[in-house]
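Shown below, as structure tokens, is a lone chain in the form predicted on its own; questions about how it binds or moves come after it.
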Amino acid sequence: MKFTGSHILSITQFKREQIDQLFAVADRMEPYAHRRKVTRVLDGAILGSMFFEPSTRTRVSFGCAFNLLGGEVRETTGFESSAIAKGESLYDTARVLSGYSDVIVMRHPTSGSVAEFASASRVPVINGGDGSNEHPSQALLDLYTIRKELKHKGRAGIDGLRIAMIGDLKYGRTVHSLCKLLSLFQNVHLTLISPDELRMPADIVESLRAGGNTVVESDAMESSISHVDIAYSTRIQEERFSSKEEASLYRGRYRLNQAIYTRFCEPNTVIMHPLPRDSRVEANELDNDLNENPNLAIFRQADNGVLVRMALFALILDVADEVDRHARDVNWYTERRF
């Protein structure tokens, strides 16, 4: 895959060389993401942000990333505010809105819908999540976070990673995409922790094993997180179930707090979550008593989403080597604690 002008629809498009290229560009975006410098390399460019499913971090961070490169954002949120509510097809929507945009980010509740939209679009389309299928940019920022966290602890590279994924692995598109990404690496040991009814799809597990990685499936969290580098928790994807009552059968099954972490995890185990974490009493996937734990990486993970999405835009629109040429110092000062 060449980035320039490409749709980003699935993690299966990527090979390790593209990941290395993307992460190298993401590293160079840090002064701009942290507001130490301003660049106008995308001055005049327009992002069409089309989110037909609830989103906070993905929608805002994509918009923030585009703004930080000097571009402008036009948003559509929810079916009720779009012509789709009047019966317009994805084909017609794509043909029209791609005439108003230079690149489009789309989220839709139906698997395969973003690819269908992209097939009619006249500009590149990035998949911001399509049903329970995939969330490629989340997987990329997750892997970028894993790399940074391990490097901070003195370890280089993803090969040999030990990671536990916890929660709704059946409907969680973030873990689907992350598993597909990890299959590109060697000797990864994955522990997949979920109720039997919410296990990782078999085709993803088989693909991981076919690549020479070790996969262990379990329904017991405490005994399965003792020897991992990363504990990656996910929420129950309530919107994918037939009813809230069905989702409630699994909510709160796996709860990680400081006491459990101290007892069962290695001292440097990194805690990740794609957010939002469900902090309701009946769920409480990651307890607030973990907030002061230095290994809780969930907010650094969210910050890294801006870096990775800036890099995606820069590569797709072929300006990665021009960013610094359009840079200047900021005119203001805001203290940021990273």
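The structure displayed is predicted, hence computed values, not measured ones. Note that residue numbering begins at 1 and tracks the sequence as displayed.
Keep in mind that the form predicted in complex with ligand CP is missing from the display, and what follows is about it.
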Discussion item. Taking ligand CP as it sits in the predicted bound form, is Gln138 in contact with it (heavy atom to heavy atom, 4.5 Å or less)?
Written reply: yes
Worksheet item: Would Pro274 count as a contact of ligand CP in the predicted bound form, using a 4.5 angstroms cut-off between non-hydrogen atoms?
Response: yes
Discussion item. Check Arg57 for me: does it contact ligand CP in the predicted bound form (non-hydrogen atoms, 4.5 angstroms)?
Written reply: yes
Worksheet item: Are any of the heavy atoms in Arg107 no more than 4.5 Å from a heavy atom of ligand CP in the predicted bound form?
Response: yes
Worksheet item: Pick from 282-290, 30-38, 66-74, 48-56: which stretch has non-hydrogen atoms within 4.5 Å of ligand CP in the predicted bound form?
Response: 48-56
